Structure formats: structure tokens, C-alpha cells
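As a starting point, one isolated chain is supplied in C-alpha cells, in the form predicted alone.
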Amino acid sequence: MRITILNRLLLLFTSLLAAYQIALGIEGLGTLPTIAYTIAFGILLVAGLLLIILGYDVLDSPIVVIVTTGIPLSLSLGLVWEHSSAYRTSYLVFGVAGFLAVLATRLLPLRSKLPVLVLAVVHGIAGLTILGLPILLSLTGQARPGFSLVGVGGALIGVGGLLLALLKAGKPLVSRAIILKLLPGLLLLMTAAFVAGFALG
């Protein structure tokens, strides 16, 4: 399926927003949150450009699942490290272990449901962290209300991740064509929510 001009533009705006966030949106943070957010938005930037250049065929690569796992893991790690100091070490261990588990189950020739289960658990925990932590901080007054938009971005990344994971597993909720039509817009809305949430929080 070919990418339309509109979807190429949406992907271009996604990449530009991700580049803006890397360049200007994470100033003044600690070392680890800066690294974590740079990785997450760097992957978004590169993913958008690769989709523009190579088309949707790039999604068929097994490396995509491994690399895109870095987005929710890095974002959630940055949020926990920045806003929940009591869980820093344990979440860092989870992040590293989760990424290695996804890497191992994708590279080894396993015929069981273990790769899908590992992916679901890792993405699920990271996604719920991105969704819940900013909203909780906003509701309790520990962050400004606008920071809850990061949680909205977390919800959107969860939807996108679920659609792509089920598509890769051969059990899509909707057809591949519909998923691919929705993906560029979903990526743009997600990135815009993240950028706005960090700016307003």
C-alpha cells in the first residue's frame, strides 16, 4: 500500500515535532531523563522519516518491533525518574530487563506465544505508566494541568502499539489498510500531545 501525500505530510510534521522536542523541549532536565526522552523522540523522528522514504514496507521488518519498544520504555523511564524518585532503580531494572526480553524473544526462533506475551507485558506496563503518571500528577497538583496531555499521548501510543502488535501477530482488530491509513495521523496526534504536555507541564 502506497503512502498518500497527505500521510507523508503528517509523518513529516511528526518528525519535525520530535526534532523540536529533542532540540528545545527537554532542556534543564537531569542526565537520565534527558537521555531517555532523547531516545524516545529520536526513534519517533527516525521512524517518521523512514516511513516517508521507504513506505509502509518498513513495518514488515522484525527489527521494527524491537526498536519501537524503545519509545514507551524510554518515555516511561524518563517520567518515573523525573517524578517518582522512590521507584527509579526498580523501574530502570524493569526497563532494561523488558527491552532485553523483547530483544531475545524476537531474535530467537521461538514458535510459542511467549514473544507476544512478553511484548504485551512490557508495552502494557510502560503504556500505563505514561498514561497514568502524568494524569495523577496533574490531579494531585504536583504538576500543572497541561501535563496531563502527556497521558493523552500515552493513550494514543497504546492504541497505536496495540493495532500494530495485533497486525504483526496476524490477529488485527481492523484491516491492514485501515491501520496504515490511521497510523500517520495517530503518530502526529500522539507526538503533538507529548510535546504540548511537556511544554505546559
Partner chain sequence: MKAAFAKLRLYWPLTKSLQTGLLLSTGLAGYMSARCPVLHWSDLLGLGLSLFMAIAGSTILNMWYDRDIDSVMNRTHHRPLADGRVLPNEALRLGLVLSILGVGLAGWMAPLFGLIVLTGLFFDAVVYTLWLKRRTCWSIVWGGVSGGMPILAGRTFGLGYVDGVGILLALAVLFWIPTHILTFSMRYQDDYAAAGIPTFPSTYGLAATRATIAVSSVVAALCIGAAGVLIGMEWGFVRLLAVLSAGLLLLGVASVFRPTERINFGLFKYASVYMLSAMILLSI
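Residue numbers count along the first chain shown, from 1. The model shown is predicted, which means the values in this text are computed figures rather than measured ones.
From this point on, the text means the form predicted together with the partner chain, which you will not see here.
Participant: Report yes if any heavy atom of Leu45 sits within 4.5 Å of a heavy atom of the partner chain in the predicted bound form; otherwise report no.
Facilitator: Yes, contact at 4.5 Å.
Participant: With the cut-off set at 4.5 Å between non-hydrogen atoms, does Ala177 touch the partner chain in the predicted bound form?
Facilitator: Output for Ala177 is no: heavy atoms all beyond 4.5 Å of the partner chain.
Participant: Test of understanding: in the predicted bound form, would Ala19 fall inside 4.5 Å of the partner chain by heavy atoms?
Facilitator: Although the partner chain is absent here, Ala19 would touch it in the predicted bound form, with heavy atoms inside 4.5 Å.
Participant: In the predicted bound form, does Gly55 come within 4.5 Å of the partner chain, counting heavy atoms only?
Facilitator: It does: once the partner chain is placed as it appears in the predicted bound form, Gly55 has a heavy atom within 4.5 Å of it.
Participant: Within 4.5 Å, heavy atoms only, one stretch in 159-167, 45-53, 128-136, 143-151 touches the partner chain in the predicted bound form. Which?
Facilitator: It is 45-53 that comes within 4.5 Å of the partner.
Participant: Does anything in 99-119 come within 4.5 Å of the partner chain in the predicted bound form by heavy atoms, and if so which residues, in order?
Facilitator: Result: empty, none.
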